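Consider the single chain below, provided in structure tokens and representing the form predicted on its own.
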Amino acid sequence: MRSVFVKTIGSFLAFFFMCLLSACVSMQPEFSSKDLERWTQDVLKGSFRDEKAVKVSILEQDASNAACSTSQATGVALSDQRKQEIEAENLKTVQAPKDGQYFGDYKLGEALAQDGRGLTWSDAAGQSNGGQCYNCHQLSATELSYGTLGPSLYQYGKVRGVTNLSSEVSQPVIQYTWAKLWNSKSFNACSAMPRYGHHRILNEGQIKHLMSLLLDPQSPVNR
């Protein structure tokens, strides 16, 4: 009898606490995703300060980033139409080389791609930044370590048929690659890749060096 009594009391207490928990949950106020986003931004801005190369303004999102952040936070995918709008808006920001030349030195591009320095609180404002490409991409067959957040770039130009940088056949690939480096959202609305030219992370000359790294047939990327 004592065992039955203990089990009965235990079941009652479990039921009681479940009801109490349910009541507590139902009493919680409902917050919209916009409320949560606003509070999150307030906390972030209150926790940061300008420090050398890093400014609090980096937390301010443009319309493209805001749309992608909201989509990720709410789990509601962007419509195909909205993605196309974001890509079109960003493609308009791409600036062609002032001198019409798209290429630099692939050796400098390789060093730049492997350079992870820049845009941290310990960097002086105006300091030259690295490309940090190795963090997300494989670049050559000899690399021992590389990130996989992005696709492999090994033989990037070769698989796209770029055998001559001045060939008319290569121009569409050249134009695409420049635009992708300048503003990655031009072809992928919610790309996590840095928008090197758009945000002035790299200058025009540095982007030319990366172009050579990716497309020059003599580059280690394409050998």
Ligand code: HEC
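Sequential numbering from 1, following the sequence displayed. This one's a predicted model, so the numbers in the text were calculated from it and none came from an experiment.
As for the form predicted in complex with heme C (HEC), it is not shown, yet the points below apply to it.
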property: Full three-residue contact with heme C (HEC) in the predicted complex, heavy atom 4.5 Å, for Gly131, Cys136 and Pro151; result: yes
property: Of Ala63, Leu59, Leu165, Met193, the one that lies within 4.5 Å of heme C (HEC) in the predicted complex (heavy atoms); result: Met193
property: In the predicted complex, the one of Asn188, Thr70, Gln41, Gln175 near heme C (HEC) [non-hydrogen atom within 4.5 angstroms]; result: Asn188
property: Partner proximity in the predicted complex: Lys180 to heme C (HEC), non-hydrogen atom cutoff 4.5 Å; result: yes
property: Distance check, His198 to heme C (HEC) in the predicted complex, heavy atom within 4.5 Å; result: no
property: Segment that reaches heme C (HEC) in the predicted complex - one of 117-125, 142-150, 75-83, 92-100, heavy atoms within 4.5 Å; result: 142-150
property: Members of 199-220 lying within 4.5 angstroms of heme C (HEC), judged by heavy atom, in the predicted complex; result: Leu202, Leu210, Leu214
